[in-house]
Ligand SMILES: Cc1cc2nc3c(=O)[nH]c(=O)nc-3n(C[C@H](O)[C@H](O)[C@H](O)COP(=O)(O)O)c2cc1C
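Below sits a lone chain in structure tokens, taken as the form predicted on its own.
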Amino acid sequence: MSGGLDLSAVYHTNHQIIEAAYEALPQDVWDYICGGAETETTLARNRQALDCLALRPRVLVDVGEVDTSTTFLGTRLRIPVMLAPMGNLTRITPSGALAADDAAARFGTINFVSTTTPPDLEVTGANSPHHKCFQIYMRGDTVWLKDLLKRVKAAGYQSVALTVDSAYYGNRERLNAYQIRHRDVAERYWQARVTWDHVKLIQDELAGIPFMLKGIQTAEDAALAVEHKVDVVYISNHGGRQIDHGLGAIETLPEIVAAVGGKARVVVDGGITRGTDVVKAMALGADAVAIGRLQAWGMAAHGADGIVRVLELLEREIVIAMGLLGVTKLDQLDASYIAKTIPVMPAHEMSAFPHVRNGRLK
């Protein structure tokens, strides 16, 4: 692992990384990462929806060589997993967005850089030459937005995403001082006024830079995104941290893929923590997935090195899942490898890791 620690002899599963993250973080930051809105129903459904999908293996196929790579917006990804945008990363590690940026560059994937994460976007932009996507939270009027976009273009970001599921800050009730302090911020006034007019303004200002909408949750909005010539429809319910009682993200994937009809790329996040989750999403039509909490756990455990190890472990799980399904390339996956089923365990943010020593860490 050039440029960082070799954690392969230390962490053999992501269970161990989660435990290390829990030990490293204060309780308020742990709750910020792991919690959801109100009853946390959407958060749990993200996981439950994945658990309601079973895999249908095919056998007697030569799977001696499995290729997990794909291409997204002209960039080769080692695995179809990107690092989702996350705010307030300096609460997890002092280097903030630079940790995720370093990990993405070293492993071979795309990271999303949030408007709300230090350091300045120019610093992160100059940190490495690989493809990174700048994620916009609206924090001002159109003059503010145009100025931000000029900075993003000048800093060399290769794509831009507008988050559209955050008109109001989700009512997150794992109450602690950090959550209460950040729940009502005056600057979120602008986020509640984002419309399709802002989409058009951003597209005009970007002049050909690929543009994503992050936070699409219905086929209706996906169809509108295609009408507005959006390049990427990013399915997300903010990890269950915004609207409560929403559908699990992967539940909406098939209808959104159908609505897009191949006219835009499709990304999904929400509860994805295992290689089998990635395979399920790809089989149902996603072009790539993104990870948030799993990224944060890796970062909390060992900064950029921890994220790289998380991705390495995911890669191993994807290889095993593909090989046992009887496929050697991602484009061989389709819905015939998926079946609806009944989940066998209660769902929560880390229920994919039943061997965490102390059970669910809270």
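Keep in mind it's a predicted model, so treat the numbers as computed, not measured. Residues carry their position along the shown sequence, with the first being 1.
FYI, the form predicted together with the ligand isn't displayed, but the following is about it.
K.L.:
Taking 4.5 angstroms as the heavy atom distance cut-off, pick the stretch from 67 to 75, 250 to 258, 233 to 241, 217 to 225 that is near the ligand in the predicted bound form.
P.N.:
Going by heavy atoms within 4.5 Å, the stretch is 233 to 241.
K.L.:
Please check if residue 32 has a heavy atom lying within 4.5 Å of any heavy atom of the ligand in the predicted bound form.
P.N.:
Residue 32: contacts the ligand in the predicted bound form.
K.L.:
Should residue 96 be classed as touching the ligand in the predicted bound form when contacts are defined as heavy atoms within 4.5 Å?
P.N.:
Close contact is absent here: in the predicted bound form, residue 96 is far from the ligand, nothing within 4.5 Å, heavy atoms only.
K.L.:
Would residue 86 show up as a contact with the ligand in the predicted bound form if we use heavy atoms at 4.5 Å?
P.N.:
The answer is yes: residue 86 has a heavy atom within 4.5 Å of the ligand.
K.L.:
Please check if residue 292 has a heavy atom lying within 4.5 Å of any heavy atom of the ligand in the predicted bound form.
P.N.:
Yes.
K.L.:
Looking at 114, 124, 109, 159 here, can you tell me which has any non-hydrogen atom within 4.5 angstroms of the ligand in the predicted bound form?
P.N.:
Spelling it out, the residue with a heavy atom inside the cut-off is 114.
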